[in-house]
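Next up: just one chain, as structure tokens, the form predicted alone.
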Amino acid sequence: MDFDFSDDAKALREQARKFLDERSGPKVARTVMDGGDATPLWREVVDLGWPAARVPEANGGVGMSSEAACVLAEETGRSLAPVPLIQSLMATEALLLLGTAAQQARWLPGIADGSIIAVTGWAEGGAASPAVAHARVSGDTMRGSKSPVADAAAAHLAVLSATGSNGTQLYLVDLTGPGVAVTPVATLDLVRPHSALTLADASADPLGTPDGYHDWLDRAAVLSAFEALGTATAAMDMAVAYAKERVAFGQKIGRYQGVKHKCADMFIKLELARGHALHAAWAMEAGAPELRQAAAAARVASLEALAFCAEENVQIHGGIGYTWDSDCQFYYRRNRALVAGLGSRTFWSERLVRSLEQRNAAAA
């Protein structure tokens, strides 16, 4: 059983890393934080065909495997790229997994060519569990609110969770239609804009079933895990580079045992999380029955690694790491945003425990 990526996925990683190293990173993140426009970068990403990576050729896409989405999520997280790519990839997975032929034909071509930006949202102002949705659907309209929703200000389509007659599931909401208000909201992440969606009898098209919603959550967790891995890797690399050049008491701080151990611990947590993420990526591509278990483990481990690397990066930089001029803040802020982006670690830890119990019961 080989959990490594294919040669095509590795080639895509090299392309993405080279491009994003040139076009993105902390300097670009700071420019966007100060009010700069990231639209030109998004146009370049569209021209490279990344939003089309998972869209089938019949719908105007490239038709690549889910490995491509994982690679792109990791490199986007690593570069802090201020583009709605990961949200579009998550929405594409929802349409591929749960959409009807008509829904796919309506939305996927636009996502592929960049004329439609799609986002996903479940949060409702502090709720910790994606399994609960207070937004309600009656007939074919939705009422309620979703906040915060990343990249919603630029989006045309939202894949939202809501509770209807069959339970909590996903719905497609056209954000350009009536009954939808999009309001900017402040979050810790100053690079990726977030918004609140207020829905007042907005048209809602059901997407799949309640069981399908949870199947999609597993896939979204895998993509989120790779984004967290990329961000954690960048934070660790930044800390190690600083430890190699910062001199204190006559020698570089990387020679001190306390700093060495911090760097080693970052690497260990990151590699453990990478193992879980690669397992989850394989399960996602293969449609393996252990996907729920693997996705939950990847989500928990990646959040643990990102939190540790982001916090230790600040610590290794010392007092300068806490200042506005330091780039350490970007990884710490993104860590807090990703924790809130798809449910808390508690939710995913409990989901992991439940999936293991089900596996053991089935084996018995």
Partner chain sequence: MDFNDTPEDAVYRAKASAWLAANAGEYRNPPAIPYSREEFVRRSRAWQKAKHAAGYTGITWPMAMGGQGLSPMHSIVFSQEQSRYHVPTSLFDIGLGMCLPTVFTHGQPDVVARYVAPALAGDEVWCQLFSEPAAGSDLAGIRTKAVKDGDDWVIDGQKVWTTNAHLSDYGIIVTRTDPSAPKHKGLTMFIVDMHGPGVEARPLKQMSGGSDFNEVFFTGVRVSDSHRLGAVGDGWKVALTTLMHERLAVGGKPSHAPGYATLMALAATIDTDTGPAMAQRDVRQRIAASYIADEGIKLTQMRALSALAKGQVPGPEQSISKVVVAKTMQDMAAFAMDLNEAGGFVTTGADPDLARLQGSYMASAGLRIAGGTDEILRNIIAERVLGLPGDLRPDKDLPFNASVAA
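Residue numbers count along the first chain shown, from 1. It should be emphasised that the depicted structure is a prediction, and the values quoted were computed from it without experimental measurement.
Beyond the structure shown, there is the form predicted together with its partner chain, which is absent from this document and is the topic of what follows.
Student: Would you mind picking out the stretch of 277-285, 170-178, 243-251, 156-164 that comes within 4.5 angstroms of its partner chain in the model of the complex, counting non-hydrogen atoms?
Tutor: Correct option: 243-251.
Student: Taking 13, 238 and 270 together, does each of them reach its partner chain in the model of the complex with some heavy atom inside 4.5 Å?
Tutor: Per the other structure, none of 13, 238 and 270 touch its partner chain.
Student: Within 4.5 Å, heavy atoms only, which of 110, 99, 144, 148 is in contact with its partner chain in the model of the complex?
Tutor: When its partner chain is considered in the model of the complex, the option within 4.5 Å is 148.
Student: Looking at 314, 64, 32, 46, which has any heavy atom no more than 4.5 Å from its partner chain in the model of the complex?
Tutor: Of the candidates 314, 64, 32, 46, 314 is the one lying within 4.5 Å of its partner chain in the model of the complex.
Student: Residue-level question: is residue 198 within 4.5 Å of its partner chain in the model of the complex, judged on heavy atoms?
Tutor: So residue 198 does not count as contacting its partner chain.
Student: Does its partner chain come within 4.5 Å of any heavy atom of residue 59 in the model of the complex?
Tutor: Judged by the heavy-atom cut-off of 4.5 Å, residue 59 is well away from its partner chain in the model of the complex.
Student: With heavy atoms only and a cut-off of 4.5 Å, decide whether residue 42 touches its partner chain in the model of the complex.
Tutor: Contact with its partner chain, no.
Student: Report yes if any heavy atom of residue 347 sits within 4.5 Å of a heavy atom of its partner chain in the model of the complex; otherwise report no.
Tutor: Close contact exists here: in the model of the complex, residue 347 approaches its partner chain to within 4.5 Å, heavy atoms only.
Student: In the model of the complex, which residues of 33-47 put a heavy atom within 4.5 Å of its partner chain?
Tutor: Sequence-ordered list is empty.
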